[in-house]
Ligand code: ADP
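One chain comes next, on its own, written out as structure tokens in the form predicted on its own.
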Amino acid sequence: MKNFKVLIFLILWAVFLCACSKHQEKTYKESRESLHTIVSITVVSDSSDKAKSAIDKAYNELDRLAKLLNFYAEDSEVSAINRHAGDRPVKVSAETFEIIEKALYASRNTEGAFDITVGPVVKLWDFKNKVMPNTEQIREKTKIIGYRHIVIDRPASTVFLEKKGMQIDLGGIIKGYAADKAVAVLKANGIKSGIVAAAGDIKTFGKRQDGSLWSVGIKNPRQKSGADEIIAVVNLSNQAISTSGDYERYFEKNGVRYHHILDPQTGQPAYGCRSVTIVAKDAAVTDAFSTGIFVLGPKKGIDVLNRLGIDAVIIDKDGKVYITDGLKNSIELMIKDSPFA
């Protein structure tokens, strides 16, 4: 009988401790500038000190990667690779090699619609000042575009651009890749649940404080009101989500919308989609494929995604919506007149 009472006491005490521990957990959020954008980090923790320390270390990792992979900084490894294009291979860090390897995977699986060598053409466009290059300028630069001319050597950890003048620009994958690395830092520092949002590239892990999934909104690419209009919400845990849209950076001339998502083959904006939202395990994948599928177009894009087992919501140029089967049960419609209805 005495042992039975002790057992009951231990069970009740364990329940009490669990309840206290759960009660002590709070959600902590910080937003800082990194990767040339605003990055928000949210974590669930039972200690404000532990949360702050982990968040600080995650931002340090983001800043480190931003410096290492910066297309515009002369002292970055990316700039070193570009300077020696057509000259010699450049030995790089594990992170630089890894992100380029991931970029090449996306290129091969989107028929080159995602291509990090599009940098020379990107530099010709100025969407802020509404400056567009002429046909001859684009023609000259597209001659040196082509992911197949990136040679990587894993044992030597080198990257070589075969053509003089070639440049790689990791802007289409760096935020997602960095979000993955930031989450790894958070986990290594005792955080079991949180979300890293680098602009439109988001990585979730664990669940929210109340046990529910993390909710991420999808914008209406043709919203009517001035505020952000969410047409749907996707509920996620241990997944990433990225959206590429023609509404992010663009200008209009003579009724034509010129936006920043360029087709590497033509050097011109791609016009098959309004927006592409990708959901997968890794943010590097969602970041790169949201761009690649946007350029590839909805019909070819859906075929690629089904083959790879990647989920997506694609809104084409006419507003028609394509949703992969894996997302249909996790999407919540937010407005009655959304293109999903």
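Numbering starts at 1 and follows the sequence shown. Keep in mind that this is a model prediction, so the values were computed, not measured.
Same protein, other form: the form predicted together with this ligand, not shown, and the subject of what follows.
Participant: This ligand isn't shown here, but in the predicted bound form which of 81, 144, 231, 261 has a heavy atom within 4.5 Å of it?
Facilitator: For this set of options, the contacting one is 261.
Participant: Using a 4.5 Å heavy atom cut-off, which residue among 295, 51, 41, 314 comes into contact with this ligand in the predicted bound form?
Facilitator: None of the others qualify; the residue that does is 295.
Participant: Name the stretch: of 114 to 122, 185 to 193, 159 to 167, 92 to 100, exactly one has residues whose heavy atoms fall within 4.5 Å of this ligand in the predicted bound form.
Facilitator: Heavy atoms within 4.5 Å of this ligand in the predicted bound form occur in 114 to 122.
Participant: Please run the contact check for residue 206 against this ligand in the predicted bound form: heavy atoms, 4.5 angstroms, yes or no?
Facilitator: Heavy-atom contact with this ligand at 4.5 Å: absent for residue 206.
Participant: Is there a heavy atom of residue 219 lying 4.5 Å or less from a heavy atom of this ligand in the predicted bound form?
Facilitator: The answer is no: residue 219 has no heavy atom within 4.5 Å of this ligand.
Participant: Give a yes or no for residue 291: in the predicted bound form, does one of its heavy atoms lie within 4.5 Å of a heavy atom belonging to this ligand?
Facilitator: Answer yes; at least one heavy atom of residue 291 falls within 4.5 Å of this ligand in the predicted bound form.
Participant: My question is simply whether residue 172 lines the interface with this ligand in the predicted bound form - judged by any non-hydrogen atom within 4.5 Å.
Facilitator: Yes, contact at 4.5 Å.
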